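Just the one chain here, the form predicted on its own, laid out as structure tokens.
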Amino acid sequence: MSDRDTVLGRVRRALADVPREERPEDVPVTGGRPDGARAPDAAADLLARNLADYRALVHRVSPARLPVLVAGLLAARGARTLLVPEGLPERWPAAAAAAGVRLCPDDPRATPVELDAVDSVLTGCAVAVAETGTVVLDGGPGQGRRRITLVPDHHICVVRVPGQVVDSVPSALERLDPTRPLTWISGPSATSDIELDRVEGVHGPRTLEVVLLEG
């Protein structure tokens, strides 16, 4: 008997008493922490820890300090160009622009080569999941198309705290429209497909910086 047969046998035995007409959504899920049980500060702290665990760089800042922080992050990398999606608050990249960074509006006609030539991209998000350290973009205002967060090598993503932070994936799904193009991001792009050696930047940015906008 193969391992596959063993696993499938266990699944069949576990489901032996389940009526055939029963659907997964018919059975309430019990146990675990109820969604929304964490205080907002605790959820933000957990999000920050889990983001860092996935090797994202986490910053916490007030709205008044955000433009200066963004400018500083770009200056630290020597970034001279910044991709900005439609609907992004003008204040967010204002200090960077004043310091000489060229703002590049997202252009649907841009080729992958042209996107790859941009140093960094700045976006907001739709929601962030504390328990998994995940930010989710749905292509809404200030987030742009999926490709602009996959091609440039440096992504700065702003999360409004507490409004965009939820405890769990089920809570996030309640806020998201499944018909929209959802991009779930947990840390910089990485793979260990070959010899289990971690390689970053294969399918997306090598550097993810998440700014928790508090207050």
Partner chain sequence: MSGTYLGMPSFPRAAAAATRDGTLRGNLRHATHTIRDKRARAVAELADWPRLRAAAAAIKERTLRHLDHYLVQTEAAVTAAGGTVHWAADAAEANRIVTRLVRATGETEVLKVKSMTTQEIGLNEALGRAGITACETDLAELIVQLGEDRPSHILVPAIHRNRAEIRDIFRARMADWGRPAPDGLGDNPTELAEAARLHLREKFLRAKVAISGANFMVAETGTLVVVESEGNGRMCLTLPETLISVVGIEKVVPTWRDLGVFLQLLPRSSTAERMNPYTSMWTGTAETAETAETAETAETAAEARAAAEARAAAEARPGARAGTRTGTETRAEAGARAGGADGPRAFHLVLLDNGRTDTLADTVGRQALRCIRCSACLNVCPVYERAGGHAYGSPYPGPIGAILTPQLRGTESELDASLPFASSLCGACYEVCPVAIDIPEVLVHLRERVAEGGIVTRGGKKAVIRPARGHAAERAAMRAARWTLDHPAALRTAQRIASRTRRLHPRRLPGPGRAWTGTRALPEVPPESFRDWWARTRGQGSPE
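All values derive from a computational prediction rather than experimental measurement. Numbering follows the first chain given and starts at 1.
One more form of this protein, predicted in complex with the partner chain, exists but is not displayed; see below.
**OP:** Work out which of V101, C104, L88, L73 lies within 4.5 Å of the partner chain in the predicted complex, going by heavy atoms.
**Re:** None of the others qualify; the residue that does is L88.
Original post:
Each of V61, V68 and G78 near the partner chain in the predicted complex, meaning some heavy atom within 4.5 Å?
Top reply: Verified in the predicted complex; spot residues all out of contact, no.
Original post:
So in the predicted complex, does any heavy atom of P181 sit within 4.5 Å of the partner chain?
Top reply: Yes.
Original post:
Taking heavy atoms and a 4.5 Å cut-off, does P40 contact the partner chain in the predicted complex?
Top reply: Output for P40 is no: heavy atoms all beyond 4.5 Å of the partner chain.
Original post:
Is A95 close to the partner chain in the predicted complex, meaning a heavy atom pair under 4.5 Å apart or at it?
Top reply: Although the partner chain is absent here, A95 would stay clear of it in the predicted complex, with no heavy atoms inside 4.5 Å.
Original post:
For R55, is any heavy atom within 4.5 Å of the partner chain in the predicted complex, or not?
Top reply: Output for R55 is no: heavy atoms all beyond 4.5 Å of the partner chain.
**OP:** Just give me the residues of 85-114, first to last, that have a heavy atom within 4.5 Å of the partner chain in the predicted complex.
**Re:** Stretch hits, in order: E86, G87, L88, P89, W92, D107, P108, R109, A110, T111, P112, V113, E114.
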